[in-house]
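Form predicted alone, single chain, as structure tokens, below.
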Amino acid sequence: MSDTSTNPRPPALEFEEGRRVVIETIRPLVRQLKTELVALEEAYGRILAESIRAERDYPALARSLRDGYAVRAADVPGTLAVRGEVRAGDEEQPPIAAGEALEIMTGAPVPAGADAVVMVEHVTRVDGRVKIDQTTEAGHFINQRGAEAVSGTELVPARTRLDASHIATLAAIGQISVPVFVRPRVAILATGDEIVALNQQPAPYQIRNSNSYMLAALVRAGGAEATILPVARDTRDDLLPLLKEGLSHNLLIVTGGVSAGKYDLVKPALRELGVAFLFEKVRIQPGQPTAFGMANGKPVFGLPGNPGSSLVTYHLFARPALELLAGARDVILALLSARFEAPFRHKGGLTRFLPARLSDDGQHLRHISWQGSSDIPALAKANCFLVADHDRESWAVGDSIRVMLKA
């Protein structure tokens, strides 16, 4: 199969520029995303399609922040008559009069007239009266009506990925069903004559299809639906129908067959199906031959076939595209900083993402020796990748370096 395209190949990009190209290309597609309603108990991890606003003031009335006594600040220090008590869940009490105190529990409504709460630890109770020796200020230990949110306030913005605090917020305002973006459908296609199914015993020259299952797990964790397609052999006749099937989804990820070898047929086959590539090479290792293109408004990623390469390039390029198609507002690549526990060297020229282990306190880093991007056992030992800059070759003990988390 020959590639008849006359267009010049895009230049190799630094990974930051590659991410920018992906994000700027995909972001306008958010306007076309479909939405659906899901039950609140199914909304965790989904991306909110409409902003959620308070339907009343929160709190709806002034509440005590402590167990103690509701008083008029002008009456203390002094000895006050205890009029009774009020607990959380009780109705509002009649106004406090001068010289009175009301025993009050955390969360209980503060009666009119009272403008402060004195903690129970700071009073002496004797014969139905309470002695308070210290001064207090108006508003002390009172959560005033509307202090958290007034009616109509935006509580959760649209395009927020819902976490546990958001679920609590939605429950608090009685949101039984939640408008969210429909999960994008992602097709995953592994290519290569050497790949066999998980339930097959591979010959010494074969490998099982680990990439598809790794990527499907990442896709699902990112809020999308993953479909694993049958493995495509390294022939045009086998590739084309599977690529066509993949292009019927919202996003296609292909692994393997993207380099420049005799049997690397993925890019020519994708061009034949109408994919226009925006980049075909990035200045990183592993993952240099990564490609990104579009076909009829759908993103397509060609990732190198070794698991380490696929894992790194998914996080750098495919993940932000998927998150945007899921409705996310922000697609941040969180790079931490850690210090080496031992000296480290690498060959400059390319930015390298190498398996490493970050200490429990997140401060110290140890490089994990590996045999290249096919070394799955080394990947399994790592919890992050160190990011070795292209223009620096060595780091001493205690030197800082950027770190990208693995999951």
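The shown structure was predicted, so the numbers you read here are calculated from the model rather than taken from an experiment. Numbering starts at 1 and runs along the sequence shown.
One more form of this protein, predicted in complex with ligand AMP, exists but is not displayed; see below.
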Checked 185, 131, 329, 208 for heavy atoms within 4.5 Å of ligand AMP in the model of the complex; positive is 208
From the list 90, 225, 245, 194, which entry has a heavy atom within 4.5 Å of ligand AMP in the model of the complex?
194
May I ask whether 68, 79 and 123 all come within 4.5 angstroms of ligand AMP in the model of the complex, judged by heavy atoms?
no
Contact with ligand AMP in the model of the complex for residue 103, defined as at least one heavy atom pair within 4.5 Å: yes or no?
no
For residue 146, is any heavy atom within 4.5 Å of ligand AMP in the model of the complex, or not?
no
Using the partner position in the model of the complex, report whether residue 299 sits within 4.5 Å of ligand AMP, counting heavy atoms only.
no
Even though ligand AMP is not shown here, does residue 313 get within 4.5 Å of it in the model of the complex, heavy atoms only?
no
For the interface check, one of 276-284, 71-79, 300-308, 159-167 should have non-hydrogen atoms within 4.5 Å of ligand AMP in the model of the complex; which one?
300-308
